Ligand SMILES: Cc1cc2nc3c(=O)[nH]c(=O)nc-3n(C[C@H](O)[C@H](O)[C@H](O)COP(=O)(O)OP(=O)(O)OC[C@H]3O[C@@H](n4cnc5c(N)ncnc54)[C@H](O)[C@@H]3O)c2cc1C
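In the block that follows, a single chain appears as structure tokens, in the form predicted alone.
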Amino acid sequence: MPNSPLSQTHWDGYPEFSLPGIVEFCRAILPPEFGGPDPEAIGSLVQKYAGFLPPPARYGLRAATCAIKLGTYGQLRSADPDVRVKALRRMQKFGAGQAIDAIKTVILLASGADKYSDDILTRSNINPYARPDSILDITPSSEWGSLSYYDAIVIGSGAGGAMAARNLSRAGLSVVIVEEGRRHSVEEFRSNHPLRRWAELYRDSGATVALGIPPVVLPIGRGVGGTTLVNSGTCYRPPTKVMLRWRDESGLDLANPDDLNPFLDDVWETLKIGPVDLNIMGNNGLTALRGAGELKWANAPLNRNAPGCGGCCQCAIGCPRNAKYGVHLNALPDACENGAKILTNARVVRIATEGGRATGVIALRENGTHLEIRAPIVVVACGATETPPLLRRSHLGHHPRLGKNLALHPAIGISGRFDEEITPWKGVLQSASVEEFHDSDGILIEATSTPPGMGSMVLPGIGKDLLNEISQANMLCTLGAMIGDDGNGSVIGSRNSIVTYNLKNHDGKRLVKAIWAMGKVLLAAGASEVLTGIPSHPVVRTVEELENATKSANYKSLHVAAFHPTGTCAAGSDPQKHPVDPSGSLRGVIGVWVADASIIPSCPEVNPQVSIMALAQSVAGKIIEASS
């Protein structure tokens, strides 16, 4: 396809990062001879995206392209597309499969986003705002003084931090919210190239990975509003059995249902949560409901915090109408109305203490200079992957379980091919649930898509075969499933987070069972074939073939993602197991509290935003009690 003008706009100030051989890779993976995009244009876009990546990912991508380019002995420059494909397949056989997959993923992300960029932005602007950007009291760190004083500092403006700040400011405390990222406006979501939106809205530009077998892709939002800017909007109350487990097994009294339910009710009202309207759901969700209905499996439209949603399927790159009601549109403006300030573009490098008490924080501006904010109360709400490193940098990370107990709620996705057009990206991004195996096996199935074109990286093959798959993507129905896992991962490091995670055998087997269950739904709905994601059986056409594929599947070879990290600073009653006490206070220091997903003792088994926000309110209540 010709180079879209959008490839050359809205990237000012972001130089390309050189990836030798990337154009040859684009030509091999998406051959223009068979209708692939202009390799020069996509190569340029990939290098623009690489410029956003953190140094390890950026240089790792360069090392992969260089190594494979050398290993193919110049054959990627061949005029014959078959020679190029054979060269890559030979490298896959010799152990370079993961490196090739990584390069392929970035190329497909860039080419898919660019191919649909005009459509994405047209649909972004076809309807007016559901609501304008909220009025927030925001000061960038470049304009913030070197020393300031408050009653309370909240580090992080996502689900937990926003609600903690709201309740503390409502109680009359002077509050400052310190956010590492910046504010993103709805107008940017209506005008910026979709790949730039992806690169700017996620920590590490979406390249965060939990290292292990298999590696787990772990996208985490960054900006005013945190991950609520980019999540699906799916909302669940924590199951009663989960709250009781947190209370009875971990001693987390905050999770007692009688005490937590009023906060859950408040969150439900704050977010204006309601079920997806079937009129905007789209064929992807409707097909999932039909398949589950044929099997007589429990199913329903999902509940979402998206009043006024128009079904543009762009939740993951910022809602272009402010229909998805993230905390930047409710809890944060409420906090600011009650006097809270938001400091942006400031990375907290250390929590300051004196005599065993919190005295404030030291933060780093973008220009490398430091600022200090003093307060006797510090609420840490950086998220499960960032809270442990901050505590270590602050010399508050001595607890042996800090950074341990990481649960990810691992997810797997598959697709079914239909004879009629599904076009999964027309409708709500995450729209319907199948809960037949939720209580019994901890498997939660959700009909889920990606923004237009940005899901093509999961399609199998390279070369002509891959282009054929892409050309039929509108005939696919896409499902995802998450499993309630054991806390088997860790976050190590202090300057930067290094996430490690190895699926336990029984969790891996449940991921395979999830593929079986989703395949059954798709076949029952009328799919002619199912793309399983299982390397040994990538395509099945019958239930019998599905049974055989999943019986022999090795979970270690699956492509796994996760979106709900929890548990790395678990709260509970046992001083040996829980770095945080049952009230949310960090053990060993006075005045430091934790109010994010890291305090959740075990996998919540559902999308956790509502749980995080309710627990943060409960922690804020304990802070107010302690300071009165």
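Residue positions are given as counts along the sequence shown, with the first one as 1. Treat the numbers as computed from the prediction; the structure is a model and nothing was measured.
Omitted here: the form predicted in complex with the ligand. The next part is about that form.
A.B. asks: Considering non-hydrogen atoms and a 4.5 Å limit, does the ligand approach G519 in the model of the complex?
C.D. replies: Looking in the model of the complex, residue contacts with the ligand do not include G519, since no heavy atom lies within 4.5 Å.
A.B. asks: Does the ligand get within 4.5 angstroms of any non-hydrogen atom of R347 in the model of the complex?
C.D. replies: Yes - in the model of the complex, heavy atoms of R347 and the ligand come within 4.5 Å of each other.
A.B. asks: Is F563 one of the residues lying within 4.5 Å of the ligand in the model of the complex, judged by heavy atom distances?
C.D. replies: Output for F563 is yes: heavy atoms within 4.5 Å of the ligand.
A.B. asks: Quick one: is R510 in contact with the ligand in the model of the complex, heavy atoms, 4.5 Å cut-off?
C.D. replies: No, R510 is distant from the partner.
A.B. asks: Within 4.5 Å, heavy atoms only, which of R196, H184, R222, R84 is in contact with the ligand in the model of the complex?
C.D. replies: The residue in contact is R222.
A.B. asks: Looking at T72, Q430, S141, S490, which is the one with a non-hydrogen atom within 4.5 Å of the ligand in the model of the complex?
C.D. replies: Only one option qualifies, and that one is Q430.
A.B. asks: Residues K115, T450 and L476 are flagged as a possible site; in the model of the complex, is every one of them within 4.5 Å of the ligand by some non-hydrogen atom?
C.D. replies: No, the candidate spot makes no contact with the ligand.
A.B. asks: Only one of these stretches, 540-548, 330-338, 91-99, 230-238, has heavy atoms within 4.5 Å of the ligand in the model of the complex; which one is it?
C.D. replies: Careful reading of the contacts points to 230-238.
A.B. asks: Using a 4.5 Å cut-off on heavy atoms, what residues in 565-602 are near the ligand in the model of the complex?
C.D. replies: If the 4.5 Å heavy-atom criterion is applied to the ligand in the model of the complex, 565-602 yields D596, A597.
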